[in-house]
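The structure tokens that follow cover one protein chain in two forms, given apart as structure 1 and structure 2.
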Structure 1
Amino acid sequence: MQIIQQVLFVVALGAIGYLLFKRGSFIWRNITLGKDVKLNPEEKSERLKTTMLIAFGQKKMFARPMVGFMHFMIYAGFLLINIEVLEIVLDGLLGTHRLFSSTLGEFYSFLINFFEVVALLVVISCVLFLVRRNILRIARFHKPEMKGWPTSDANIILIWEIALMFALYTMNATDSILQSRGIAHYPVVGPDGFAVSQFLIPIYNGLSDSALVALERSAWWVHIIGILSFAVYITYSKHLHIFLAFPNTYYSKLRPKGEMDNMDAVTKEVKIMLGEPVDESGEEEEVGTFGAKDVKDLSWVNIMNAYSCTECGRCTSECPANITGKKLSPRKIMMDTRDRAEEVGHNIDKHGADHEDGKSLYGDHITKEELMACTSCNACTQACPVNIDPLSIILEMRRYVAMEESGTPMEWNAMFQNIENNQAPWAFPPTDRFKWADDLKVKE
């Protein structure tokens, strides 16, 4: 019997490992469709510091303290439960039960009690999150881009997490009874029950030894298969942030938020126009598209940003355009980018690398109206708990609209002309520029 369970466990682990690898390579390939990013090697320590503060420390989550606290509980639960999962995986492979109990002694039952309390906080947080989403209906969870899958995805995750915690409690409660009855294979670590699962003991106390063993085994399998399949599920879900938040913060923008990236290809052209010397030493850079029309015109960090987005909508809830009812939603920009990256990825898998489906991120997913409404105020980048930068995608697409499509609004075209002819965005003669000083002037 025992050996069958071990074999089944190895098969399950292998199958899930294979699915994770396949899905992981798909996502990795999609992210690397983006353009390369040059990083300054001197920034390494500052980047690590950012990851520690923002991802590990969840600093920006606490901009909204109550939610920050509840999220921190689920996060702490996730980290700690991994220690427990390690034991479960080893038990599954070796056919042991509570492998760490003999080495850790007294400390082991303390740990299990501690995990149970953390698990309870996870359950409470998940329930409150479900209430906020579905009963209180917090506005930012019910924007147009949240219809359908994004909303059910969020609920599935929360319910799944609650179910996993209950499997854990069932497992521990039945285990405690089996321990108190002195059944072989169940080492005594908490015969009177653990911190939370002890309250479930009365429910199961009347069961026979064999029924209890069956129940304990079932809960054990549900718990571990639940966790492993959850790992596969999240690669299809907004929940991928639990992994990508770490690299995402590491590669986030360190320079001042107001700084836009320089387009070196343009610099060369402008220097030629102005008759300035051009540095020819560098390798001939391939000038592709000016700005971004599709995901491959973005940087790979932009695409990783999209896969890291958990659709919390803090960006959108602080976006001045969105607040005043305009179509722009920074969260939608990120969701569209992810959807398009997946679409392009599937096309490549089906039809080969050069396949064109005649669609693009700009036009088919994101409209000009959305792009034009952005005030570049950086409220979205400031609000994002994992340092996603929707603004850089918006500005890259505006570059496409202006330079490839010549599609900027008439008023902007007039502004461009004024700058060219009058050296100011307004139509004033440049000779009037210093007129303000006419009545004051005493020159030194």
Structure 2
Amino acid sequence: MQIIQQVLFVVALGAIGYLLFKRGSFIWRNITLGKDVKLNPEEKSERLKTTMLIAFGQKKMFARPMVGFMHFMIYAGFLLINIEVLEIVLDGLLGTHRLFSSTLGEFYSFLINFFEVVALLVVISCVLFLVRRNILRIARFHKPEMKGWPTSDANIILIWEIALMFALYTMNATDSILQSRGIAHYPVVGPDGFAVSQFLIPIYNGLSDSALVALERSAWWVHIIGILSFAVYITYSKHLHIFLAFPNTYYSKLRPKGEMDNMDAVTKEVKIMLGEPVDESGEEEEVGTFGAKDVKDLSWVNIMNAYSCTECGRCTSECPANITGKKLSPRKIMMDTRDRAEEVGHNIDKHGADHEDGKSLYGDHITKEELMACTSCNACTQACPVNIDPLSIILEMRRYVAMEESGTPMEWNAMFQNIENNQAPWAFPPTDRFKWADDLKVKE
């Protein structure tokens, strides 16, 4: 029987591994559809510091302390309980039961009890998040872009986590009863039993030994297969940020937020026109499209940003355009970019890399009205807990509207012309710029 369980576990582990590899390869291919990004090698230490503070330390989450604390408990529980998952995986492969109990002694009892307390905090946090989303109905969770799957996804993941923790408690409670009855292969964990699951013992205490063994094994399977399946599920979910938050913050922009990236080829032409020296070394950049119409025109960091989006809506709740009733929602910009990357990826798999489906990110997913509503204030980027930069995507798409379509408002065109001719938004030459001060008199 034990051999059969080991074989089934190896098969399950292999199947989950295959699905993760296949989905991970698909996502990575989609991300790398974007253009390359040049990084300054001298920024490495600053990028590592940013990653530790923002991704690992959850710094931005605590801008809203209570929510930040609950999220941190779920995050900490995810990290810590993985230690227990390691033991379960080894037990499944080796056919052992609580492998670490024999080597860690009483410290093992402390660890299990600590994990149980953390798991309880996870359950409480998940319940509170469900209440906030479905009963208190926090406004940012019920914007138009959150209808349908995004709302269901958030609820599924919270309920799933509660179910996993309940399976853990059931496994430990039944295990504790089997230990007290001296059933073979169920070693005594410690003199004090389990910190939280001991309160479930009265529920299961009346079951026979065989029923308890079956329930304990079932809970063990539900817990580990649930966790492994969870790993696959989140690659289709907004919770992909569990994996991508770290590289996303590492590659986030360190320069002043909102600063547009110059196109090297255009910069070179401008310098030539102004008679400034230019660097002739290196390969010539071929100007294909000004700005971005589709995901392939964006950088791969932009696409990774889209896959990293937590859909928390902090960006949209801080956006002045959205607050005043405009259609722009920075969260929707990121969700649309991710959806289009998925669409392009599936097209490539079905029809090849050169297939054109006649659709694009701009126009079919994101409208000009949304792009023109952006004030470039950068509130969305500042609010994002994982340093996603919706503004850079908006600016690239607006660059396309301005330079490829000439589709910007007339007032903008007049300003562009003034900047080109007068190096300022105003319709007078630089020589007249300080005429306003000519009539000022210094008072004695």
Partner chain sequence: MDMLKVPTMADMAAEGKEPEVLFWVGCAGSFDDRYKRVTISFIKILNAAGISFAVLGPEESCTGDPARRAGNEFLFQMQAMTNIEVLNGYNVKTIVTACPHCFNTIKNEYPALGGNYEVIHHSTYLQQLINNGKVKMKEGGEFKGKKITYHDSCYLGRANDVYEAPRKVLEALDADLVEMKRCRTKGLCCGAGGAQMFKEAESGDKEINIERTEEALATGANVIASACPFCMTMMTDGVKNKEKENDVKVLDLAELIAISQDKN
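Please note that residue numbering is based on structure 1, beginning with 1 at the start of its sequence. Between two forms, the rigid core is the largest collection of C-alphas that superpose within 1.5 Å. Nothing here was measured: the structure is a model prediction, and the numbers come from that model.
In this comparison the chain labelled structure 2 is the form predicted alone, and the other chain is not. Core-superposed comparison between structure 1 and structure 2: the C-alpha position of Lys271 differs by no less than 2 Å. In the core-superposed comparison between structure 1 and structure 2, the C-alpha atom of Pro429 has shifted by at least 2 angstroms.
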